[in-house]
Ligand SMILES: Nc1nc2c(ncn2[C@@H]2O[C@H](COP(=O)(O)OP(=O)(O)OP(=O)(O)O)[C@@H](O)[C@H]2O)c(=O)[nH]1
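Okay, so here's just one chain, in C-alpha cells, the form predicted on its own.
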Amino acid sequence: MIITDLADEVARGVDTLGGRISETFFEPVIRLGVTGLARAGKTVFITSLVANLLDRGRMPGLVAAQEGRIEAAFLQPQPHVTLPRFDYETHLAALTGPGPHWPDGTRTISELRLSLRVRPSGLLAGLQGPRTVHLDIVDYPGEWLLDLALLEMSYRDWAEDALSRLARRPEAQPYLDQARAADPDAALDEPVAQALARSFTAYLDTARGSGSYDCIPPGRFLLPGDLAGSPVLTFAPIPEGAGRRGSLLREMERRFEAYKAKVVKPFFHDHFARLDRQVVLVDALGAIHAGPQGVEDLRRAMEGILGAFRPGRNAFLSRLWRGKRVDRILFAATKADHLHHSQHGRLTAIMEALTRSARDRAQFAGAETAAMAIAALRATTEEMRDHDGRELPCVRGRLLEDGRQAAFYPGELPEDPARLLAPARQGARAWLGADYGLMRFAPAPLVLHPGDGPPHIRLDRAAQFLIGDRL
C-alpha cells in the first residue's frame, strides 16, 4: 500500500510538472476562479463573460479585443473529465431568450474552457503568428467558501465562535436551547448527535433563505450532495466540556476534524491549487440594504474567505516546481445597474473599504488587486425623475415579482465609506438618518446585434484586469 501510494504521488507529480511545462512554453492556460457568497451573481457573471468574449462588440475595455488581436474564440471540452461542464448554453438561453429570467444558482463545482486565438502585440507581431490561449473558468458554490476559515480552527474554537454568533440571532434560539440541553460529557448517543446536526442545518438553511450575511460554516451542510447523512456531516457546535473519550463532545471533535481532512482539504487541493487568477463577487448593495449588521457580517465573511487564498507572484521557475499562486484578485461589487452611474464611484469605494484588510494582505504577498462596481448583465436603464422639486437619479427595469416596469431611487450612498462601516462595527441596529432601498429586477428582453454580447457595466474592464496581460 505504501509503495503504491508513493508511486501514485510520483506519477501525479510528473504529470503535473509536464502539464506546467506545456502551458509555460506552448499553449498558455489562464485558470480563473469565480467565487462569491450566495446571491452575488456567479452564474450570470460567467455566462455574460463567455458570451462577450465570443462576441466582442461590447468589450472595448479589453485591449486585445479593442486592437482586433483576438482572431477567434471557441468553446472546448474542459480538461478535467471528472468535473461537470458549466452549462453555458442553458444559462445564456435563460438570460437572452423570449422570456428572460435569472438562471439557477451554483450548486456544485463546474468548469468551462474557452480558447482564444490571439495575435501577439509589439515587436513580436511581425515575427510570430497567432497563438492559442486557453481560459479555464472554475465555478463553485459560494456556500463552500465558508469552509476556508475552518482550516485554521479547532473544533472548540469553531464551536465557541458559532455559538456566540448564534446568540445574536433570534431565529437560532431553538437550536441554542437544544445545544444547551445536551450534555457534552455524556456518552455518545447517535440519535442525539443526528438531532443536533439536523437542527443546526435547519438554522443555516433558514438564515440563507432570509438573506442573512452571517455565514457560519460548514458550507457543505447546505449543499451536501452524496455526503448527506454521513457522519462527516453529523456534527454541530455544543458548549465546552471535559471531552472524555467516548463522549458526545469528543465525537463532535472527531467528526469536525474528519470534515476538514476528508472534505475541505481535498476539495481545495484538487481543484484550486493551480488557480492563478481570482474574481470575488460581492452583493454589497444587498448587505447595505440589510442594515449595519448585514454590512458587518459581510465584512467578516470576506475576511474569512480570503484568508485561505494563496496570493503572490507567479515567478517562472516557481510555477514549474511549486504550483501556482493567485497573482491577480478582483473584488467586484455586483448589481451596479441597480444604481445610477453617478453613484458607481461610491459603490467602488465601499467595496474597497469592505475588503481593505484582505487586499492589503494580498498586495503584501505580491498579488495585484483591484476593486470595481460591475453588472455582468445590465437589466435597467437610467432616468431622472422630479420629486418635490428635486431631480432624482433613478433606474428603471422590469420587476422580478410581477414583471411591471418601475422606476426606482435606492437612496444616496455616502461619499465616505466610514459612514457605513463605523456603525456596522459598533453594532448599530439601523442606519442613522439614511434609508437604502433595494429593488429586485428581472432581466430585460434583449435584441442582440451580430457581434455583440449581452449588455453589461464594466465587464470589459474586469476582463482586462483578470486576463488582459496574458493576451
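The structure presented is a predicted model; accordingly, all values stated were derived computationally and were not measured. All residue numbers are counted from 1 along the displayed sequence.
The next section is about a form of this same protein that is not shown, the form predicted together with this ligand.
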Item to check | in the model of the complex, the residue from Ala379, Leu347, Leu145, Ile216 that sits within 4.5 Å of this ligand by heavy atoms | outcome: Ala379
Checklist outcome for this item: Heavy atom within 4.5 Å of this ligand in the model of the complex, from candidates Tyr203, Trp158, Trp102, Phe272, belongs to Trp102
Checklist entry - Should Thr355 be counted as a contact of this ligand in the model of the complex, where contact means heavy atoms within 4.5 Å? => result no
Checklist entry - Does this ligand come within 4.5 Å of any heavy atom of Leu298 in the model of the complex? => result no
Item to check | this ligand contact at Asp337 in the model of the complex, heavy atom, 4.5 Å | outcome: yes
Next on the checklist: At 4.5 Å between heavy atoms, is Arg58 in contact with this ligand in the model of the complex?
Outcome noted: no
Checklist entry - With the partner removed from view, which of 75 to 83, 369 to 377, 272 to 280, 290 to 298 is the stretch that lies within 4.5 Å of this ligand in the model of the complex, judged by heavy atom distances? => result 369 to 377
Checklist entry - Mind listing which residues of 28 to 44 have a heavy atom within 4.5 Å of this ligand in the model of the complex? => result Leu37, Ala38, Arg39, Ala40, Gly41, Lys42, Thr43, Val44
